[in-house]
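Next up is one chain by itself, shown in structure tokens, the form predicted alone.
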Amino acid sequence: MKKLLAVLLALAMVLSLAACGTKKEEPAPVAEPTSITLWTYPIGNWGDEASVKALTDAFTAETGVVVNVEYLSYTDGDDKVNTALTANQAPDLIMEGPERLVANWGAAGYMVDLSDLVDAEDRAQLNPAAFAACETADGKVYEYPLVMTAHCMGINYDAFVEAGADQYVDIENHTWTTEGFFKAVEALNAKFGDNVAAVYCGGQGGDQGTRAIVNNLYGGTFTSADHTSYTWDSAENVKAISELYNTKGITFDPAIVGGDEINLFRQGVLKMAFCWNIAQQLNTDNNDAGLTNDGQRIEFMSFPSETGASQLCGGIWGFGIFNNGDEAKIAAAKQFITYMCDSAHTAEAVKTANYFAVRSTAGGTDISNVWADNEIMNEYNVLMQYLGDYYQVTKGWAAARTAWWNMLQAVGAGTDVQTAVSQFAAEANAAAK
């Protein structure tokens, strides 16, 4: 009997080890109640203390881990984090996007590799474009994504109808072609004059919109696929910039940035906006959601492309862990990430962010219909299929953004397009070395 029991025990151990090899490594439970710190940028209501407290209180009740939260702004948040890193006083957790967590602090060696939280099932579930931005070329995961969005265009649909330009948009699918875009601008210009659209270039604010309109018109890209160089000096992009510059009704305006363009669009001065997203579509500051200040209908649109299928710039937000050398706190922080990003609680974390989930199932729970009760969010979800490459992780990103709007200013001032594009793309690539 003892021999039989020994055999059975050995067999059980073998089966147990085999089973462990098929599952991702779960965060180790914290031995005793502990506390961790979370710093979060204002990502939807993750910047609202009452909303976040409801989530962290529920997490504490389930795990015993207390979460102390500090709310950052985009004005000085980066400075606070960098100062804390220098003083060895970084938070345990941080919530933001890959350009900070992966390309900045991760690349500098400050972040914990979270690849043990991601198994084959997660990889199959997570939006490929979103997850790719969170993983380095050598397989390290410095951010576990929670939500995403796609930036788009806005059009004054009533003005389009009045000008007969509505025939050029597929309003059901929110797409249009490059040919349709230029025909629409022509019709709007004939009806309303020169203020159809503005290539704003007073600074980097909202520059995702100007990059997207240029890249999508003729299939250009902003960076190489491996994010090692800037490619906006391609023939496709030169053609797009030239066409925009030469089209009546489109003005290169160095006096405004994206926020100014949005205001002019809401006021009815401009008939389309390149700086648009779900937050703008839901905005109710001056009228009901989806309406201009004077009540005209706003429709969100994908950027035009030759085929109608575009590559949209996106926002991706999630959590990373700073490596402060405390294994218990790292384990607790991993528990927090799993709770918010891959459990039955993920739906509430997503809704708090006011963006779209990066996966359809979390912790075995279907979250694909998390916005089913919100008509605008539910409709906007059609754009998520067009989320393109998250190239903001390319080295020299800050310098490249400055070079981009300086280039647009030069074009607007009359500099030959090829000359301006080549000069400023070279500046960006110098910063990427």
Partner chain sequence: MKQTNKPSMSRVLRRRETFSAYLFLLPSLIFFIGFVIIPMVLCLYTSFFDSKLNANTPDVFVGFANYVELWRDPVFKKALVNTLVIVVVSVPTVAAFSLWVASAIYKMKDWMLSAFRCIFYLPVVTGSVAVTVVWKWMYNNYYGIFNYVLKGVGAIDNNINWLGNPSTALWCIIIILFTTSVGQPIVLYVSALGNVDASLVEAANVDGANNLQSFWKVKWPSIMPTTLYIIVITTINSFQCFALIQLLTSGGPNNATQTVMYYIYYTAFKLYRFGYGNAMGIILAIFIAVLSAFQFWLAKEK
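Residue numbers count along the first chain shown, from 1. Because the structure is predicted, anything quoted here is derived from the model rather than measured.
Form predicted in complex with its partner chain: not shown, discussed below.
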Contact residue in the predicted bound form, chosen from Ile367, Met377, Val382, Ala399 - any heavy atom within 4.5 Å of its partner chain: Ala399
Of Tyr110, Tyr71, Tyr245, Phe182, the one that lies within 4.5 Å of its partner chain in the predicted bound form (heavy atoms): Tyr110
Output flag, Asn45, Trp232 and Val238 jointly within 4.5 Å of its partner chain in the predicted bound form, heavy atom basis: no
Non-hydrogen atom contact Val417 with its partner chain in the predicted bound form at 4.5 angstroms: no
Contact of Gly202 with its partner chain in the predicted bound form (heavy atom, 4.5 Å): yes
Distance check, Thr60 to its partner chain in the predicted bound form, heavy atom within 4.5 Å: no
Contact of Asn82 with its partner chain in the predicted bound form (heavy atom, 4.5 Å): yes
Candidate stretches 130 to 138, 101 to 109, 213 to 221, 174 to 182 - the one whose heavy atoms come within 4.5 Å of its partner chain in the predicted bound form: 101 to 109
